[in-house]
Structure formats: structure tokens, C-alpha cells
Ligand SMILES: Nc1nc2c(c(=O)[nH]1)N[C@H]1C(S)=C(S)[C@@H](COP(=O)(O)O)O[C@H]1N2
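A single chain, nothing else alongside it, follows as C-alpha cells in the form predicted on its own.
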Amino acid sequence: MLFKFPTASQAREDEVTPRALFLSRRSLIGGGAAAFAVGGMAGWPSLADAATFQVPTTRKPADVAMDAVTPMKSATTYNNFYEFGTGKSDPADGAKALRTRPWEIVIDGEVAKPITIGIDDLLKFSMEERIYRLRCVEGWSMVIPWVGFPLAELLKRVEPTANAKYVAFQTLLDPERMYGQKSWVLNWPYVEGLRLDEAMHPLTLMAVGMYGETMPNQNGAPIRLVVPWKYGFKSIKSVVKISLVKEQPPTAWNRSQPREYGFFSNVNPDVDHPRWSQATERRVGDFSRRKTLPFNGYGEDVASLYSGMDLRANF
């Protein structure tokens, strides 16, 4: 099943979508951020077989109304994946060594039904296309159409217990192929975490593709997390383990540099990184900078998660 999530893009759909998929759609208009309609999909990765589609009405903040989807070439050649080097172009070449079959994710911890699930079974989940803004903590941003399913759908299968308060994630550890793991940049393997309510939020996605195609290795194949209201490093790539836990789990960048990278890492233009401002960002492909939106523009959907919290202290 294929959906499209609300987007702020005003580009023509045939400019930002694989043409075969675009031509297959019968677009309808719905209302509100939660308005979805079911569409058919013969099976991943044959996205071009989609028969029906709906484009919900979208809220467009004035300063992002002209968002356009980032070209796929930019999104696949300018990215961070330190397991394959620290340069922006390093992953596109280095990640060719990554083997994505066979692939399994262990889901354990405070759950009633721990499982180990293979990628082929994960690909049987009902898929959605969601166009999200991606904001890097370094001050650059993109707009990317992801293909995946809500993380909540996976977590419901393992039945979290009352003790589950957080969700911990782990990336593959394979220093022979992921040669960046031989460096001292971080304490490997890469780990991340969310509060359980963040993980269960409908915007939180497990992505298996982008731009209507299978996830490229350099972007986190075969499956990665996408949390659009947080800085990009929270969206952990090449996930092999998900654990539901009682206590706040360690995270890679917070463990490495706690003064600079907090556990929550919500996009916040009012809380600067110690070494640079977060008030503005540069959209990849643009020369000028634009204002950064609180929660990356998703505040109407997620701000209630942090009601009463000091977002400066809990950065």
C-alpha cells in the first residue's frame, strides 16, 4: 500500500517523482495532516505498479511554501555516514562494500514478544511515501521523499511492556567493510535512542527506500530510521538492533561530545550549537540561507510531546 504524506513542496509532482510512478497515480485531495487514503502497490520495490494515490491538503508555513524536493543525486552524494569516512562524498563510494543481504533486526528488551526479523519480512509491511525535510545539525538541509512504514507498526508487534520507556537503536558493526569504524571518531557501533512516545509517533518512519527506489547503501541501506523533527544524526542508518529499555540509552554523539549533542536533539533555532548558530540553514543546492523552523516545521504535530519541558536544558 502506498500513501503520500503532507509536503510543503510546490514543485510539480512529475518533477520530483519517478515518472512511471507519477503516471500511475489517480490523485485525490484530502484534508489535514492526518488525512490519508489507501492506495494499491503490487509489492516493493515495484513502486511503479501503484494504482491509486492521494495527496492530502498540506499546511504550508509562509517561509517554506516554496520548498522543492532535493535532487536525488544531491541526496545520495552529499551526506554523513561516518562508518564510511568523514567527507560528504565518502559514503557514496565507500558504502559499495556494504552487504545488505542477508539482514536481520533483533528487537528485544522490555517487550512481551521479542523477535528477530529479516529484511524480506520487513518489506512486507504496508509502505508509504513521505516527503520530509531533513535538517543536519551542521546547518544544511534537504527535502527527501522516503519510502517506508511507521516504526510504531513494528513496535506494536513485540508488545512493549509497562517498563518500556525508551527505544535504543544500533547500527551494524562491520569494520572490515565499514572501514570508518576503525577510526576513533566515535565509540562504535553507532547507537541512538528515542523516548517511547517519540518512537510511537506517527511521523517516525522506518525507511527502506527513497525517491521511489531501494535505499542506497550510502543513505542507510537496507533500513534506517527517519525522525523529521530532529537533527539528522538521530535518524540512525543500517539498523540491526532495536531494544526497548527502562532508562535513557546512550547515544553516539552525546556520548562523544555531551556539551554539543543532547539526547533529544530537536531542531531548535533558539538553541545554538556551541560552535555555530542554528537560527538559519542552507538548503543543499541553494546559495542563500533560510530561517530554521522550530521542530523543523513539524511543531504543530510534535510540540505537545515536550509540553512543560525546558528545551534549552533538554537540547
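For clarity, every value in this text was computed on a predicted model and none was experimentally measured. Don't overthink the numbering: it's just position in the shown sequence, from 1.
Not on display, but discussed next: the form predicted together with this ligand.
Stretch in contact in the predicted complex with this ligand, which is absent here, among 230-238, 194-202, 110-118, 96-104 (heavy atoms within 4.5 Å): After filtering at 4.5 Å, what remains is 230-238.
Is Y166 near this ligand? Define near as a heavy atom within 4.5 Å, in the predicted complex. Contact with this ligand, no.
May I ask you to check whether N219 falls inside a 4.5 Å heavy atom distance of this ligand in the predicted complex? Judged by the heavy-atom cut-off of 4.5 Å, N219 is in contact with this ligand in the predicted complex.
Consider F149 of the chain shown here, and say whether it contacts this ligand in the predicted complex, taking contact as heavy atoms within 4.5 Å. Although this ligand is absent here, F149 would stay clear of it in the predicted complex, with no heavy atoms inside 4.5 Å.
Looking in the predicted complex, any heavy atom of L134 within 4.5 Å of this ligand? Although this ligand is absent here, L134 would touch it in the predicted complex, with heavy atoms inside 4.5 Å.
Scan 175-194 and write down, in order along the chain, each residue with a heavy atom lying within 4.5 Å of this ligand in the predicted complex. Result: Y190 alone.
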